[in-house]
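Encoded as structure tokens, the following chain is the form predicted alone, with no partner shown.
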């Protein structure tokens, strides 16, 4: 048995350290977790995401106290009880709705920052893959949450998305009914998605956040120039007081103070949206109660799913489903599709720089077109944008194979 200092007072630092190794944890995860100096504010998006997830959890717990997961009461519990009868219920709903939408904007900024600076390259593949798993799980969490107000768009979006599991001409309607728990979305459907939203998926997200931070520990965070850093040597310089010569800084308190500053600016903008422009996060069609006999004229998902929805929409049923599936998997494969040995920002990588901007602009075009009705010129433009998206994968292989070593 380990030796303990009998003079240590209960719950003092020494007492806790002897039992929980708190000083070792503090050193490994905080004061001696080294971050490159050469990074900008975009590297703070991870902490902004974690803080926004915290807001979603807290506001979700308050909403959970009054929400009724029953098709006869869900709509009223959200739109009347929480919004009108509960003190500051409207504020918690606005925080939850705005955070659910803004979290995807932060995810996309975080993702495109990683692509631009090559933060998925050799040695950092698991950072990218765990990040993509987080993206997929956040998407499932958002979709399950969208069902809960039980408005018109909740019902019909649930109907359309679950129909995708029929597999087109495979006609696997048994699987669709198994997911819904009925022939059409009803009470079983709502309670299943309620359980997923408030319990199972948040637990998975917390586990994946831990995994994502864990994958960062050994390869360390990338930097703006993609420079190779000897972290042990740079850390020794910092600890020896040669802070100017060292290329790294400790996570706590130096880098964390930068994160806190960025989060301060972010939360000013966030609460501005919560108080003055919360409407963008709440579809007006969803303020009508769910009605299985009245189809809305135009069914569409939330803005963060529109790009993948638009890839599905222009094609016939089976090719559309295949294109949709490829779009979901392709981003996972990015570390293996990019064959270039260079870990460098896109503006130093020739054709990759062009590829990056075509990719970003195409995603924005797909998102805009996904919200518009599928008719006339919009249909043609959507098909062109979807084909460009599908060709970007093979194009990346060719471009990065031809890329010269820097």
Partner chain sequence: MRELKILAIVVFFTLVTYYGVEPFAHSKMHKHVEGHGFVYDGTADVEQASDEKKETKKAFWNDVNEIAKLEGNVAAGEAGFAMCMGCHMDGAVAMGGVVPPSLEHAGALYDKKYLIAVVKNPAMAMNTDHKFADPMMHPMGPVMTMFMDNQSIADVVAYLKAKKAGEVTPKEAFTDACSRCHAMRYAKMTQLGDTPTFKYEKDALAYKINVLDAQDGVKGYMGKLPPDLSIIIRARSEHFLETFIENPQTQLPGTSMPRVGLNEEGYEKVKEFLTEIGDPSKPKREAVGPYVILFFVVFAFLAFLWKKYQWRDLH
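Small disclaimer: the values here were computed from a predicted structure and weren't measured. Numbering follows the first chain given and starts at 1.
If you look for the form predicted in complex with its partner chain, you will not find it shown, but the lines that follow are about it.
This chain is drawn without its partner chain; in the predicted complex, the residue among 287, 213, 165, 332 with a heavy atom within 4.5 Å of it is 287. Scanning 315, 173, 231, 303 against its partner chain in the predicted complex with a 4.5 Å heavy atom cut-off leaves one residue, 303. Only one of 135 to 143, 199 to 207, 273 to 281, 178 to 186 lies within 4.5 Å of its partner chain in the predicted complex by heavy atoms, and it is 273 to 281. In the predicted complex, at least one heavy atom of residue 244 sits within 4.5 Å of a heavy atom of its partner chain.
Using a 4.5 Å cutoff between non-hydrogen atoms, residue 66 does not count as a contact of its partner chain in the predicted complex. Contact annotation for residue 379: none of its heavy atoms lies within 4.5 Å of its partner chain in the predicted complex. The closest heavy atom approach of residue 191 to its partner chain in the predicted complex falls outside 4.5 Å. Counting a residue when any of its non-hydrogen atoms is within 4.5 Å of its partner chain in the predicted complex, the hits in 27 to 48 run 37, 39, 40, 41, 42.
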